[in-house]
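Next up is one chain by itself, shown in structure tokens, the form predicted on its own.
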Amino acid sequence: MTTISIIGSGNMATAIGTRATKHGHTVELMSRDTAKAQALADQIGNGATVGAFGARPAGDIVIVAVLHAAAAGVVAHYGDALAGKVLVDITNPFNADASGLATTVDNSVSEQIAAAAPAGTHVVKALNTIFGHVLAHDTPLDAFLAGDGAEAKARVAEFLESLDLRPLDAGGLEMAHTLEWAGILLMGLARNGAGFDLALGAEVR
């Protein structure tokens, strides 16, 4: 398998990192809070390591697992250390009560990250339509993704497949805003009777 770097040490970093190691990947965690990252690495086990925040990530795929408002700033902080990497934006930019988005058309978090990233970096939106605790169950799920660059999307799709997820390509990076709204749809369903043990999927006939 391969090394996956995760910037962040919260719930989604925990779920993704744990699932990735279970499926044979090596995980590197990077966080402003080094102690929290080390505690998470110890919890995940299976060779999980901690990298210095802002240093060049070991993984070619770098998952940006921070709060949406901080994502572009974190990428800008890394600067050229991310050159040539594939960045996976998993954020959901919900407004204060999760009834709408803090972003607008043509200004998704993915597009903000792409603008802040160095040349040669590709951004793919993925995994924002799966709750972290559902992802942690390690059951088969659908995973929607969007991004520019066929090779970058193919690499992310291969990674998702290795986690027993079915990648479904929604189109170019402009579709990232649509996937952000899909996150709102997921939240609405969860709050209005479906419960929080669900994930969005598609039936392909």
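All residue numbers are counted from 1 along the displayed sequence. Just so it is clear, the model here is predicted, and its values are computed rather than measured.
Below, we turn to the form predicted in complex with a further copy of the same chain, even though it does not appear here.
L29 falls outside the set of residues with a heavy atom inside 4.5 Å of a further copy of the same chain in the model of the complex. Using a 4.5 Å cutoff between non-hydrogen atoms, F159 does not count as a contact of a further copy of the same chain in the model of the complex. a further copy of the same chain is not shown here, but in the model of the complex it comes within 4.5 Å of a heavy atom of A182. Within this chain, D60 is remote from the site of a further copy of the same chain in the model of the complex, having no heavy atom within 4.5 Å.
Only one segment in the set 161 to 169, 45 to 53, 31 to 39, 65 to 73 has any non-hydrogen atom within 4.5 angstroms of a further copy of the same chain in the model of the complex, and it is 161 to 169. Annotation: in the model of the complex, residues F144, N192 and G201 each come within 4.5 Å of a further copy of the same chain through at least one heavy atom. Contacts between stretch 94 to 120 and a further copy of the same chain, counted in the model of the complex as any heavy atom lying within 4.5 Å, involve S99, V105, listed in sequence order.
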